[in-house]
Each structure stands twice: as structure tokens, then as C-alpha cells.
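Here's a solo chain for you in C-alpha cells, the form predicted alone.
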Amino acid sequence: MDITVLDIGTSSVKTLIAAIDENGGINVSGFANAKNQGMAKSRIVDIDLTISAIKESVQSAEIMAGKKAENIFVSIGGSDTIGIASKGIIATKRAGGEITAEDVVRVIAQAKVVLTIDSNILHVIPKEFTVDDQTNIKNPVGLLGSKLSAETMVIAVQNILIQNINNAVERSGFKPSELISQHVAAYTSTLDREEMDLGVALIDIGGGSTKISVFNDDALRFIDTIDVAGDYITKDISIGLRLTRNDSESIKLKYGSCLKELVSSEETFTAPGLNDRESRTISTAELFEIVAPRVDEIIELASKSIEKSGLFHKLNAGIVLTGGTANLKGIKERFERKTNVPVKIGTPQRLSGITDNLNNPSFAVSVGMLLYAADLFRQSGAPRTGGKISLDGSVSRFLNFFKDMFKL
């Protein structure tokens, strides 16, 4: 079965086309990465430019794959994404008897929170269960008890953002099957179970926003989004060196560094002149003086966000950086020095097929979407067309989900 993931980001639109085999294996046959100039801070500000980027990305991936895009999963992010802790409690169907997968579905449905009228639930993620007085249970199915409670993380997004994303995709000629939070996609492809159990913060620094997910005891405990990311560095370069946005982005990727030891006042590069003006010679040390302060701002804001979770002192596995800006030279070391926490760069899991170019932090969300979508297919056979993932859909679909989760 073929699936397509469409990661609509502020800087670019990435498309992956892959086949899922009978054993759940994923084989990538096509991918594309098209520049997007229609978004700012993960929000659509020019729908025509966004539509153009979507069309270019999907069509390029289709040409590489030699097949049409179908079963399209779309990413969604930005500061309009919220995470809310919730709790549900039920009496089991057979008091004192074995807890069933149906009981689990019912208690998680109870754990949904009442949102404001302008928001919609994308994901309800279980954290832990309690059976009678026994706490910190990961899998309650098969245990004996009369009362079952569940703690969950509800991830929701403002309806207007969902409508705008759906509108852009549909006007591009495609029908979204599901929406996937960029937070969920990023950690799905970059974090392992040990890191989540020990305590880890994933910081996904994209173009328009920085997304933070904090885990402890193998559960998602906190999410946040900061509207300062890689595009701010590019804009600073553009203003400071009087360059176009495209030239500034290229120079950032090629020569930019946020670690002083990696630059030299003698090392220079040629910057093209603005509007037919003469090109100039600029030192990498001058570029560093522009890049480093903005990186420090991102580090400070991300650190404050993690502190809000109350789990900074429990990051035993440290911090994982991903997203396109994680490719900036010296960013790992600068984060370590500023936070006093071990840091690593998170690259997405390797898949079969055309994947050499995907082993890059900038594809963390795209690959994570593919892994997440493949799980949904394995659990329920096919996506439904509705533009959201929530427990408002069919109970049997989520029963299959939990049966798979608990390996029943």
C-alpha cells in the first residue's frame, strides 16, 4: 500500500512517497523538498505561494516515484499547538476481573479534556495508568481491578489553522487523509525508548518555529512552541550584510557557525551584491557575530520553556536537537555550554529505498510522519478522510490501536 507524507514547513514543503509491505516495512520511492515563501512562524500568510510550493513538492516526488500521491498525511505545527495533561477514570466492566482493551479505550475516551470551541484534538497520548491503588502502570490489560484511571497528553490545534492547512492542500489538488502534529512526528523518528524513559528534551528548530517535547518515565510530559527559529538567523544575516533572503540562507548553510573556534578573521567568502551592486568579501568572523547572538536567544527561550515543564533537572538523557537549523555548525557545542546538559544531533531513522538524502535532521518531521502513518495502517488498515486524529472516530479503530500497543 502506498502512502504520502506532506510536511508543510515555513521554509520548505517536503514530500515523501513510500510503500508499506505486508510486514509493515517502509520503502521510500520518491521525495522532494520545495522552497516555501508563503508561510511565516508556521502560519500561512500567502496561500497562493503555499499552494505553489505544495504542488511543486508533490509533483517532483511523484516524478521520482513514478506514481501518483495518495493517502496523504499532512503535518501541522506552530504556536497554536497546545498540550494539555488530562485524566480519566472508569469502573471496569467486570468488577475485580481482568481489565480488557475495551476498558482502556473507554478510560482514554474519558480522559479527553474540554477544549475551547476554536480548537480541535489531534492526538490523545497515554502517559500512565492506575488500577485501583496500583500506580505507574504502562499496560493495564490483563491485570485484575475494579477501577481504571489514565493520565494522557492531549495535543490540540486551533481550528482556523487546521482549516487553512486543509484549504491549501485541497486547492493544490489533493485530499488530506490525516493531520499529524509536527511535535509527534519529530520525536517518532529521532528518540528511542531509553531516552524517553531516562528523561530527554527534543528541540526541533525549524525555519519558522522551535518545537519542544519533554519526556520522562517513557511518557510525553510537556510540549511547547517558540516563534523564533532558523528564519530569524537568515533575516539577521540579510539585514546585517545587506543580502537577499535566498543569498542569506545559502551563506548561513555554507559558512555560518555559532562556535568561535570554528571561524577565523582570515577566512572569507564572496557575497553577491544586492540589486546588481558589486559583490563583497566578508569574513566568517563577521558572520559569526551575527549568527551567534540569535542562536543564544533560541537557547535561552528553549531553556526557559523546558524549565516551565519542571523537568529540566530530570533530563538524564540530555537534549536532542533536530530540524534544519540543527545542521548549523557548532550548534551542539553551543547548546551544551549554555545549558550544561549533554546534547546530540537527532537524525531520523533509516528506511529502505531512496533514503540517503533523508538521513538529515531537516527530514526528522517527514520521516516521523511516515513512521506514524505506517503504524496507523498496520493498526487500522487504512486512514479515514477527515483531517484530524482524535478519539471522536470509530471505537473499533482505536480498539485496534490499543490491541496493537499492548500486543494482544
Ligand SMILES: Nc1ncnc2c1ncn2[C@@H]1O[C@H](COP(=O)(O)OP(=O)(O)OP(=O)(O)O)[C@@H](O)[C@H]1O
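Here the structure is a predicted model, which is why all the values come from computation and not from measurement. Residue positions are given as counts along the sequence shown, with the first one as 1.
The form predicted in complex with this ligand exists for this protein as well; it is not shown, and the discussion that follows is about that form.
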Can you pick the stretch from 319-327, 87-95, 120-128, 280-288 whose heavy atoms fall within 4.5 Å of this ligand in the model of the complex?
319-327
Checking 176, 208, 83, 145 against this ligand in the model of the complex, the residue with a non-hydrogen atom inside 4.5 angstroms turns out to be 208
Closest heavy atom of residue 247 to this ligand in the model of the complex, within 4.5 Å or not?
no
So, residue 10 and this ligand: in the model of the complex, are they within 4.5 Å at any heavy atom pair?
yes
Is it the case that residue 140, even though its partner is missing from this view, gets within 4.5 Å of this ligand in the model of the complex, heavy atoms only?
no
May I ask you to check whether residue 189 falls inside a 4.5 Å heavy atom distance of this ligand in the model of the complex?
no
Using heavy atoms only and a 4.5 Å cut-off, decide whether all three of 42, 231 and 253 touch this ligand in the model of the complex.
yes
